[in-house]
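So this first bit is one chain, no partners, the form predicted alone, shown in structure tokens.
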């Protein structure tokens, strides 16, 4: 049955089965680690919509991830009373503008709305001004640096460079979820988001967005407004990134400016480049390969693991420019097309033979 499916479905079923069975044979630490990587898959899909499908390289996507994550993290911290990082600066009451965060559902909503709104506003000014290519990448990079600096400087309200730690694992009625329960919740969320992104990229909207990536001027010639499509896909991506940030906080138990700045944004680009941008499965493959490889190598070779990872990344970029999954899919597609062309040529040859035979029988 698997043979009849295309590569994406075959690999998707295998990965899903592996993720579902993983807690049965792995330790709690490994399950937590895998849960974190599942969150990164959601984050990578969010960037793939913008970079892989629309052709807009964002080097500051961690801003949306961090905004969502900090909303939920601050909510958890404030529910325990005025935190120490505030009292250290003489703040003995929760500031008025932070009181909505005392409610976790409100904080959760804000963690979705604020990244989406920020993405929509940034997208409006950038895409309406027809900024694209390397200029868009530089602006997004500057945004990530600015956001990281802001989190560090607003130490009295964000915990600064030390970050926020001791965060519970998604408590319901005051009781945190177990590692396995939260892990399965993350797997279900990742599956739903993958299916949503798959539907979106195969819809009419998705086809227009891919056409913008290939030739923006031509799509404008057909009376489409590329800026509006870019703003919309950027907003959806901001929404998904904010959601990923909020799902990350409970599984990691900690968030800091390092999770929301240039470093995190760059890592995201690397995962996608290695897996294969423009293919949703490429985002999944890239995140799992690079993160597991980094983790296992750092345990075995603590002094040289970054050298190994760097070598792998350079080799993949040089010899597989479409990424691991993207190159494999392209090769299989080419093979299928060649096979179809051969069959079609054979059928045409047989048809000519039959026609020739018929003509001779008439004579």
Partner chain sequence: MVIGQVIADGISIAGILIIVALGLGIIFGVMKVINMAHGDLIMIGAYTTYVFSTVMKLPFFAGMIAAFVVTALVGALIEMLVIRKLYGRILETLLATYGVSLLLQQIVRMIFGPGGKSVKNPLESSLSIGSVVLPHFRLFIILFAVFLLLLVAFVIYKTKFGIQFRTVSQNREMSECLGINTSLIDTYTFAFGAGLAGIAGAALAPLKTVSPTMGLDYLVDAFMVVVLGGVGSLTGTAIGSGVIGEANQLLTLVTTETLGKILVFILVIIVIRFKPEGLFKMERR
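Residue numbers count along the first chain shown, from 1. Predicted model only: the values in this text are computed from it and were never measured.
We do not show the form predicted together with its partner chain, though everything after this point is about it.
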Based on heavy atom distances of at most 4.5 Å to its partner chain in the predicted complex, which listed stretch, 41-49, 54-62, 27-35, 292-300, is the contact stretch?
-> 54-62
Would you check, heavy atoms only and a 4.5 Å threshold, whether residue 273 touches its partner chain in the predicted complex?
-> yes
Residue 219: touches its partner chain in the predicted complex, heavy atom cutoff 4.5 angstroms | no
Contact test in the predicted complex: residue 210 vs its partner chain, heavy atoms, 4.5 Å | no
Its partner chain contact in the predicted complex: residue 177, any heavy atom under 4.5 Å | no
Just one of 80, 88, 202, 130 has a heavy atom within 4.5 Å of its partner chain in the predicted complex. Which one?
-> 130
Consider the chain as shown here, without its partner, and state which of 187, 262, 101, 227 has a heavy atom within 4.5 Å of its partner chain in the predicted complex.
-> 262
Non-hydrogen atom within 4.5 angstroms of its partner chain in the predicted complex for each of 134, 138 and 310 = yes
Of the residues spanning 275-291, the ones with some heavy atom within 4.5 Å of its partner chain in the predicted complex are 277
